[in-house]
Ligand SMILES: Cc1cc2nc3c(=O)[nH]c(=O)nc-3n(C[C@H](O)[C@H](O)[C@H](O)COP(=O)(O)O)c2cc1C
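Given next, in structure tokens, is a single chain: the form predicted on its own.
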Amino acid sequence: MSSEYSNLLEPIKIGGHEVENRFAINAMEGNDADPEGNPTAKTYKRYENYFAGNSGLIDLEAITVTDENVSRKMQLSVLPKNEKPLTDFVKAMRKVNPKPLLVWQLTHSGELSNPEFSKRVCVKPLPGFGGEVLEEEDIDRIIDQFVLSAKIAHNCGADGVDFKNCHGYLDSQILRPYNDRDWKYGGPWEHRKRFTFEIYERIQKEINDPNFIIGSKVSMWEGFPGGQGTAGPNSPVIDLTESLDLVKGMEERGASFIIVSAGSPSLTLALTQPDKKVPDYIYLHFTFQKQVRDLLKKDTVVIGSGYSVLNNGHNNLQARKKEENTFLYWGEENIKNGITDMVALGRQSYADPAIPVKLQEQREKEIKWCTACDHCVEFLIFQKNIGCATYDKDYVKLYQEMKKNGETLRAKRT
């Protein structure tokens, strides 16, 4: 074990489980399920790589609790019809490596549902999105869907769930101040947070397994007027009062971990995942992580995201030595200084999810660093299978075909 990365390679307890390092695999979509929402050979290959990489925690990507409202054409789903295939999937991953914790990110797309093949719904029409407006009985039914999906995850052998409260999905749509409708789930903060807290309470009560953990990925600030973390329905001003109250309320209802994020990728992509043009947003992520870490109890694990842009120092950040602006440098520093407890591999997990095992075996020079080219994001936008178009020859070929067919963001803008 490398003493240079002693903080990143130190064990940590999450709920009743101990993991052997401070790395987590973020919930990164592959858009490669079959028509029924089950894992395919491509899904198996990606997760076999994740498990072999030996991160302490692996977050199964944006798995939908409904097949009526989805954002991806080939999205994984967690419905009764999927229970057997998902059980087989978990068993196969445990054979690769039984040590990582496996949680599933439960998702409902809401206004981000793609109307080309799904039904778009919303809590209040947002310019550019909209959809059929949900009523109280619809939300009550969706709560039941989340709880059922958590039970299926438990039955399949998952260690827990990440109830998604980020990135513009339904939970964000309900939580944001923009949802100022006069209804059970809108208007005052006491009403808007009801959806999240009721789901937490019901999962804890109805599963009632101390070994089954629950947590959430949270957008602390969405980056547009009225979004999560703003001062009012039309305000652009950052005000984290509600976001901090949200994570504290989650902890009070049994959350074992909080994954700290920001932004809404359909609106503020560079905030969600800092890119080469605006890498400085990484410092906002650090700030949000620190505020959450300072608020919560020490045994509630804070997982920081946004780190992929740092790579091995090729990131356009200014006023710092290159060797002091890397993924590993800031991971070590932020854990040591109490800013976060763990760091998540997002886009970096497409490029190389084996950072933990390579550090453990002192093979740091073999790490393939994410270049933040964001071609993986383009795959997502154009409903393609998702992988690394820098290091994986199959996805390099796919991206070349997309360029040839004019299916890239550059082609879309010109």
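Owing to the predicted nature of the structure, the values given are computational and were not obtained by experimental measurement. All residue numbers refer to positions in the sequence shown, first residue = 1.
Although it is not shown, the form predicted in complex with this ligand is what the next lines describe.
Does every residue of 14, 54 and 341 put a non-hydrogen atom within 4.5 angstroms of this ligand in the predicted bound form?
Answer is no for this spot.
Could you tell me if residue 376 has a non-hydrogen atom within 4.5 Å of this ligand in the predicted bound form?
Yes - in the predicted bound form, heavy atoms of residue 376 and this ligand come within 4.5 Å of each other.
Looking in the predicted bound form, any heavy atom of residue 176 within 4.5 Å of this ligand?
No, residue 176 stays farther than 4.5 Å from this ligand in the predicted bound form.
Any chance residue 29 has a heavy atom within 4.5 Å of this ligand in the predicted bound form?
Result yes; residue 29 sits at the interface with this ligand in the predicted bound form.
Is residue 215 close enough to touch this ligand in the predicted bound form, meaning at least one heavy atom pair within 4.5 Å?
Although this ligand is absent here, residue 215 would stay clear of it in the predicted bound form, with no heavy atoms inside 4.5 Å.
Spot the stretch among 272 to 280, 153 to 161, 85 to 93, 117 to 125 with residues whose non-hydrogen atoms come within 4.5 Å of this ligand in the predicted bound form.
Comparing against this ligand in the predicted bound form, the contact stretch is 272 to 280.
Just to be sure I understand the contacts: of 300, 105, 325, 243, which is the one whose heavy atoms reach within 4.5 angstroms of this ligand in the predicted bound form?
Going through each option in turn, the one that passes is 105.
Counting non-hydrogen atoms within 4.5 angstroms of this ligand in the predicted bound form, say which of 359, 33, 70, 386 makes the cut.
Checked against the cut-off, the match is 386.
Just give me the residues of 160 to 189, first to last, that have a heavy atom within 4.5 Å of this ligand in the predicted bound form.
Heavy-atom contacts within 4.5 Å come from 164, 166, 167.
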